[in-house]
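Subsequent text provides C-alpha cells for two forms of one protein chain, presented individually as structure 1 and structure 2.
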Structure 1
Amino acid sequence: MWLIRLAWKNIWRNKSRSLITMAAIFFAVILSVVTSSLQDGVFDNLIKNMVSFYSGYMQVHKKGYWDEQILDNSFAASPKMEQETLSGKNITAVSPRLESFALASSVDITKGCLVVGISPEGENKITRLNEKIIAGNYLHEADNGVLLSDGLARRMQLKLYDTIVLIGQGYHGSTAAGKYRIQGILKFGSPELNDKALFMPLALAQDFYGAYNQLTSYVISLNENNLLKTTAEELRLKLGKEYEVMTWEEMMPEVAQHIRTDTASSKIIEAILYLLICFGIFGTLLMMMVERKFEMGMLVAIGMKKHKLAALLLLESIFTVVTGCLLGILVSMPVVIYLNRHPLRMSGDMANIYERFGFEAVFPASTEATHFITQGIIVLLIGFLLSLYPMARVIRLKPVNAMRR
C-alpha cells in the first residue's frame, strides 16, 4: 500500500516530467482513435451510399437473373415467399421491386435511365427513400407520378411537376411507353445513382412494362450487418435452388475489393502510427531514467531492494499511462462526434476524382464505442510494455555508477 502512495506522490513531485509523459500518451490515444474512427466512418459511408441507399444488404432474384438482368427473368410476386423471407432472425424488412431500363425523353433531349418500381412504404423502411427528396412529395401506392434523381433531372432539363416520357422494352418483348408527371426530385450520395434513377409505384411499373404481378427482386435489410453471410446461407436453404440470394458484396465486388484494399493499406498506416507512438512514449521514459538516475542509485545504496524500486517505477508508469489514456479517450469523444456530424468534405479536383468512381467525397467519423475502447487498450498495452524498460534498468543498476555526476 505504501508503494502505491509513494508512486502517486512521485508522479507529481516533478510535474513537468509527468505531464510530458501523460501528454505523449494523451495525444497518442487521440490520434489513434480519430484515425481509426475516420477509417471505419469512410467505409461505412461508402457502404451506405452504394448499398443501403439502393441495393439493400441482400437481394433475392430468380435463378440466373443477375447474369442476365432482363424482365423475362422476373418471378411472380408471392406473399408466402415474402413472409418466409421476413421470418429470418436477422432480417428486419423486405421490399419488392421491378427494375429495368428505359429511354427517357423530354422535348429534344433523350437519355437512358434506370426505372425502379417500388412499394413506397416497404422501400422507405430499407433505404429511407423519402429522406432523399429535395423537392416535391414522396410516392404512395396509388400514385401515377414518378420520382426523378437530381442529376437525371438536370441532364433532361426537367423540373418538379414537368412531364417525362419513357420508352422501353416490356415483358416478353412487348413495347413499353408512357408519360408521367414528376412528383418529386431525389438526391443520392452516390453520383452514379444520382445521374440515372427514376422511381415509380410498383403497380405503375408493372403496368408500364406489362409485367403484371411480376418482380425482379426482393430487397432485404438486416439487423446485424456482420451476420450478412450467415443470414444469406440460411435464406438460400429456406428458398431453395429456384432463387438466388446475393449479398451486396457479391452484387458489387468492386466496392468490396476497394474496402479490402484500403483496409490493408490502412493497417500499414496504423502500424507506422503505433511505431511513432512507441518512440514518443519511449523518449519520455528515457528522459525520466536520465533525470532520476542519481535518485535511484541513492535509494539502492541506502538499502532499498531493487525489486521494490522496480515495482515502484512500474506503479508510476501504470498511473501515468492510465491517466493519459483516460484523458485521451475523454477528449477524443467530442472530436469524433464533431467529425461525425460535420464530416470532412473534399472539393475541387479531388472531389471530381471520387465522384468519377461513384463515391461521395465525404469523410465522416464513426462513433462506434469499440474505437475508443480498442485504441485506448492498444496504447495502454504499448505504454505497459515500454514501462518494462525502466524496470530492467533498475534490476541491472549499479549504485556507485548511478550516483556519479
Structure 2
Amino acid sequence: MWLIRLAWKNIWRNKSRSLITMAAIFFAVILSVVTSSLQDGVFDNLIKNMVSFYSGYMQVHKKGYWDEQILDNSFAASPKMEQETLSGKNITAVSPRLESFALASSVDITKGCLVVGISPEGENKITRLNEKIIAGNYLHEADNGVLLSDGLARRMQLKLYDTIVLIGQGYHGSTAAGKYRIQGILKFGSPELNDKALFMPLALAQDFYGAYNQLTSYVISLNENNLLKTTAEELRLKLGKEYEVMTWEEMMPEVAQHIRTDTASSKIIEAILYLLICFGIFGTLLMMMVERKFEMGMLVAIGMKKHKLAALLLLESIFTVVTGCLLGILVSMPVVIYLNRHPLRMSGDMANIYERFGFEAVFPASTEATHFITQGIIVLLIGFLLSLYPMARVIRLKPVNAMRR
C-alpha cells in the first residue's frame, strides 16, 4: 500500500511534466476514440443505407441463382422456411421477392425493366420503399397496380395512373404478358435502379410470370451488422445445401472493399497517434530516469530491492497513463454522444453525390462501448510496455554508478 502511495506522490513531484504527459495521453485518447467512433458510425450508416437501398443485409436464394439470375432458378415459397429464417437471433425482418426482367411498353416506346414482386409490408420493413414514393400511393397486397421508378416513367413518357404494358418470358419458358395501372412513382438515388425498376405485389408478379408460389429470394434485415457472418453461417446450417445464403458483402463486394480500404487507412492514422503517445510517454520516462538516477541509486543503497523499485516506477507509469486515459475516455464520451445525436452533416458536392444515391449525407458517431474499451486498453498496453524500459534500467542499476555526481 505504501508503495502505491509513494508512486502516486512521485507523479506529482514534477507537476508540469506529469500534466504534459497526461495531457498528451488525454488528447490522443479523445482523438482516437472520436476518430474510430466517427469512422464506424460512417460505415454503419453507409452499410445501413446500402442494404436498405435494395439488397438487405442478407438474401436467401435457390443454390445457383446468384450466378444465373433466371426465374427457373426460383424456389417454392414456404411459410415454414420464412419462420425458421425469422427465428434467427440477429434477424429482424424477412421479406419475399420474385424478380425478373420484362419489356415495358407504352404507345410506341419499349424499354427493358426490372420487375420486382414484393410483399409491400415486408419490403417496407427492410428497404422503406414507401418513403421513396414521390407521387401516388404505396402498394397493398391485393392491389393490381404497380410502382414505377421515376427515371423509367420519364423514359417511357408515363405519368401516374397511366397504363404500362409488360411482356416477357415467364416461368419454365411460358410467355408473360399483362397491363397494369401505375399507382405510384418512386424516386431512387441510384440511377441504375431509378431507370429500370418496377414494383408490384408478389401475387401479381407470380401471376404475371406464371410462377405461382415461386420466389427468387428472401431478403433479410439484421439487428447487428457486426454479427453478419455468424448469422449467415447459422442460417446456412439451418436451411441446408439447397439454398444459398448471401451477405451484402458477397453481393456488393465493391462496397465491402471500399470499407476495408478506408479502415486500413484510418488504422495508419491511429498508429501515428499511438506513436505520438509513445514518444510522449517515453520522453517523460527518459527525463525521469535522468532526474532521479541518484535517488534510485540511493534507494537501492539503503536497502530497497530492485524489483520493488521497478514496481514503483511501473506504478508511476500506470498511474500517469490510467489518469490520462480515463480522463480522455470520460471527456470523449459526451463528445461521441453529441456527435451521435448531432451527426456531422456534409455539404456541397459531396452531399449532392450522397443524396443522389438516396443516402442522407450525415455521419453519426458510433456509441459502441468497444471504441472506448479498445482505445483504453491499447493506451494502457503502450504505457505498460514503455514502462519496461525504466524497469530494465533499474534491474541493471549499480548504486555506486548511479550515485556518482
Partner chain sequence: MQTVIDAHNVSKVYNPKTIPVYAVNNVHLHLQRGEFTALVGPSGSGKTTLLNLIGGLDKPDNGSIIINGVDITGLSANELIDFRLRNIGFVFQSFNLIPVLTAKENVEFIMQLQKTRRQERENRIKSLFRQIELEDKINVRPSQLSGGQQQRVAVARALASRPQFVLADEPTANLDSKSAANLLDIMTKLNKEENITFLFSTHDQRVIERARRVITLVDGQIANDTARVSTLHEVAGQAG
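Residues are numbered by position in structure 1's sequence, first residue being 1. Note that the rigid core is defined as the largest set of C-alphas that superpose within 1.5 Å between two forms. Treat the numbers as computed from the prediction; the structure is a model and nothing was measured.
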request  = Assuming the other structure does not fit, state which one is the form predicted in complex with its partner chain.
outcome  = 2
query = Just checking, between structure 1 and structure 2 and with the core aligned, does residue 79 shift 2 Å or more at the CA?
reply = no
key: Cα displacement of residue 63 between structure 1 and structure 2 reaching 2 Å, rigid core superposed   = no
message = If the two forms are fitted on the core, does residue 117 show a Cα displacement reaching 2 angstroms between structure 1 and structure 2?
response = no
Angstrom displacement of the CA atom of residue 342 between structure 1 and structure 2, core fixed = 11.2
task = Using the rigid core as the frame, report the C-alpha movement of residue 259 between structure 1 and structure 2, one decimal, in Å.
result = 3.5
